[in-house]
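Quick heads-up: it's one chain on its own, the form predicted alone, in structure tokens.
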Amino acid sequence: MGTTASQLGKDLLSEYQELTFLTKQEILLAHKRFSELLSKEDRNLTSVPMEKVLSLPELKSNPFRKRICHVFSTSDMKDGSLTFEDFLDLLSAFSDSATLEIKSHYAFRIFDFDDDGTLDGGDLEKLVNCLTGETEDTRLTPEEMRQLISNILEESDIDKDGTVNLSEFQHVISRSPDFVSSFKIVL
């Protein structure tokens, strides 16, 4: 563990602590896990491909795993690859210490599949399909999906424009006591 701390450096470690909701120990563990994702020949790379990030047990079974990588990736290639700082941002947003505002902001971005700043019918359909699975046994009928999306919009779309914006989403989330405790990833 000492080599990991020295690889990061005390100043950088302190800076990461100030900029995230993570403890020193969590940052060091994150660095160790991130380094393990890089193969020996990849050690000089600054980012880990999305496929390797998705192999983490903490993400493997998350139905939104690819969206999570895309939302936190700063790659110009838009390929979902993560730098160490992207990885820290991800872990910070999903940490127990992150605020409701931070968690709901990132949840909204994850659910906004077309990245247009609103949750419309298409986003809500993809969200439901991620949650229910897209197998024949679990897929909703078109009528069930239409009714569910209509119910979601009826409940959430305060300004009645046919979409859910960030503030409307945060309003709904604020009434969900389990959200903060369920929106987490622990290494």
Partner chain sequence: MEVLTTEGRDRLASHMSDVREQADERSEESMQTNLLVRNRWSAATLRVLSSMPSRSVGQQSRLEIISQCNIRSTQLRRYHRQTQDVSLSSRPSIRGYGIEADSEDVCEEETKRQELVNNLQSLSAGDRVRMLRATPLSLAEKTKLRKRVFSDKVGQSLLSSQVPCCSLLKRALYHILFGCLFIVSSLQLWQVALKRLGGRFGTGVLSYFLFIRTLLLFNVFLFLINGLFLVLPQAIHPPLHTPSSHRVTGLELFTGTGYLSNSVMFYGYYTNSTINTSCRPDEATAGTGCSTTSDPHMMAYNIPLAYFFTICITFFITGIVLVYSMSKSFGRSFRVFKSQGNLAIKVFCSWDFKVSKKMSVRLQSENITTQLKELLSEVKGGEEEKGRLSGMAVHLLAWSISLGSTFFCALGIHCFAKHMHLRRLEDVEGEVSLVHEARLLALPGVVSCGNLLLPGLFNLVSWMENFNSPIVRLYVSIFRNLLLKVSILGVLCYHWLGKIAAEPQQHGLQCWESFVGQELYRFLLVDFIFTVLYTVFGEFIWKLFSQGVLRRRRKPVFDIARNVLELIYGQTLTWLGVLFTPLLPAVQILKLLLLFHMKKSSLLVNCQASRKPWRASQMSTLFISLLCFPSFLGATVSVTYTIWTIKPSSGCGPFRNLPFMFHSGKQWAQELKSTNPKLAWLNWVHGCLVENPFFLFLMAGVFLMVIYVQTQILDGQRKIISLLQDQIENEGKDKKFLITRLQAVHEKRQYPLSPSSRPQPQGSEV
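If you're wondering where the values come from, they're calculated on a predicted model, not measured in any experiment. Residue numbers count along the first chain shown, from 1.
The following text describes the form predicted together with its partner chain, which does not appear among the structures shown.
Q: Would you please decide whether R139 lies within 4.5 angstroms of its partner chain in the model of the complex, comparing each non-hydrogen atom pair?
A: Result yes; R139 sits at the interface with its partner chain in the model of the complex.
Q: S35: heavy atom within 4.5 Å of its partner chain in the model of the complex?
A: S35: no, not in contact with its partner chain in the model of the complex.
Q: Against its partner chain in the model of the complex, would E51 count as a contact residue? Criterion: heavy atoms within 4.5 Å.
A: No, E51 stays farther than 4.5 Å from its partner chain in the model of the complex.
Q: Whether L124 contacts its partner chain in the model of the complex should be assessed with a 4.5 Å heavy atom distance threshold; does it?
A: Residue-level check for L124: yes, a contact with its partner chain.
Q: Of 82 to 97, which residues get within 4.5 Å of its partner chain in the model of the complex if you count heavy atoms?
A: Stretch hits, in order: E85, L88, D89, F94, D96, S97.
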